[in-house]
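Only one chain is shown below, in structure tokens, and it's the form predicted alone.
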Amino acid sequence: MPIEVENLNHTYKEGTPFARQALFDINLKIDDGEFVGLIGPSQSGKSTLGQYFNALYIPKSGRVLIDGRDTADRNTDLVQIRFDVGYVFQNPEHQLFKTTVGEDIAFGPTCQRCSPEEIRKRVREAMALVGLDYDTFFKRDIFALSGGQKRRAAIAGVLACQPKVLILDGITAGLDPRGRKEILNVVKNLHQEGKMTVILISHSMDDVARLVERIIIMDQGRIIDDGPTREVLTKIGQLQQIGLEPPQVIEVMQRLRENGFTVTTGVLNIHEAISEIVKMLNMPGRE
């Protein structure tokens, strides 16, 4: 299910003295099965753009096509698009509103008019996908969940609608290192095993370096770079210029190189860094 954006502009509070343009002439295409990181500093426009992908915003200037369907066309079924392109918000409290975990996850399939048997099946499958044990959490009060568990429940609620595209907006914000790692592993498995298109909206360079295959960088409402993860993240000067710090592992390798060590700076994780350092230490003539 490709997503195509053509000459998209967006202005907040248009027609008022407080008008502010948030998107400027955005053009891009995301193909089936891609794992994309949409990154940028605060107020760069990344979340605004993401909300066009599932028709939370409808273009007034430009076009957004979801699998060829123009979201601004009055004949387009926007409800179906929102089922096809699931959106998980940064704050799970904005998404979880039922009393128990099971009731909340079942809400989407119920709106899709699934049979009771199908609803139960989808809820069980969605909970398994995000690592929430059905017997333990099905009747658990939403407010009794930890932050990480709430994120999992929010993702499960979207997955129960069986989307073809999953958008995750700042889902690791506020989590401790363990919770962050667990959520990112869930996302990684969804892409690898479910063959799902995933769009990760984040300002964390370490998160996107671990997971995504392609990065789109935004700043002040414009796309300033779009390419393979390794290629984009090694442009340290470009990242720092817009207030983003490169992944820590890239910074470490860059400092080693600046101090005369023969290492490649284009690494994305600790395993690649260790391999580079070992290779350097084993070079002929080095004591």
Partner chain sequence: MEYLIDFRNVSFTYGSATENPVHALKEINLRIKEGEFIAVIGPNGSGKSTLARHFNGLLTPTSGEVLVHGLSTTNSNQEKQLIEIRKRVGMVFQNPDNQLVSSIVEEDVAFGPENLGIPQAEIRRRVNHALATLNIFKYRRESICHLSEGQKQLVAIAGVLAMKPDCIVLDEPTALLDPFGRKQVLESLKKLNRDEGIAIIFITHFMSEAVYFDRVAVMDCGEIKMDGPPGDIFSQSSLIKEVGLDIPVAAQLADELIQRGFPVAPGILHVEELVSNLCQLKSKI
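Residue numbers count along the first chain shown, from 1. If you superpose the two forms and keep the largest set of C-alpha atoms that fall within 1.5 Å, you have the rigid core. For clarity, every value in this text was computed on a predicted model and none was experimentally measured.
Form predicted together with the partner chain: not shown, discussed below.
Candidate site formed by A173, E245 and M283: every one of these residues places a non-hydrogen atom within 4.5 angstroms of the partner chain in the model of the complex. Of the residues given (R120, K150, K188, H203), H203 alone sits with a heavy atom within 4.5 Å of the partner chain in the model of the complex. The contact with the partner chain in the model of the complex, taken as any heavy atom within 4.5 Å, belongs to Q90 out of Q162, Q90, T71, T100. The closest non-hydrogen atom of K195 lies beyond 4.5 Å of the partner chain in the model of the complex. At a distance threshold of 4.5 angstroms between non-hydrogen atoms, K181 is in contact with the partner chain in the model of the complex. Contact between I30 and the partner chain in the model of the complex is not found at the 4.5 Å heavy atom cutoff.
Heavy atoms of I277 reach within 4.5 Å of the partner chain in the model of the complex, making it an interface residue. Heavy atoms within 4.5 Å of the partner chain in the model of the complex belong, among the stretches 22 to 30, 222 to 230, 60 to 68, 37 to 45, to residues of 37 to 45. Counting a residue when any of its non-hydrogen atoms is within 4.5 Å of the partner chain in the model of the complex, there are no hits in 115 to 139. Core-aligned CA deviation for V278 between the shown form and the other one: 2 Å or greater.
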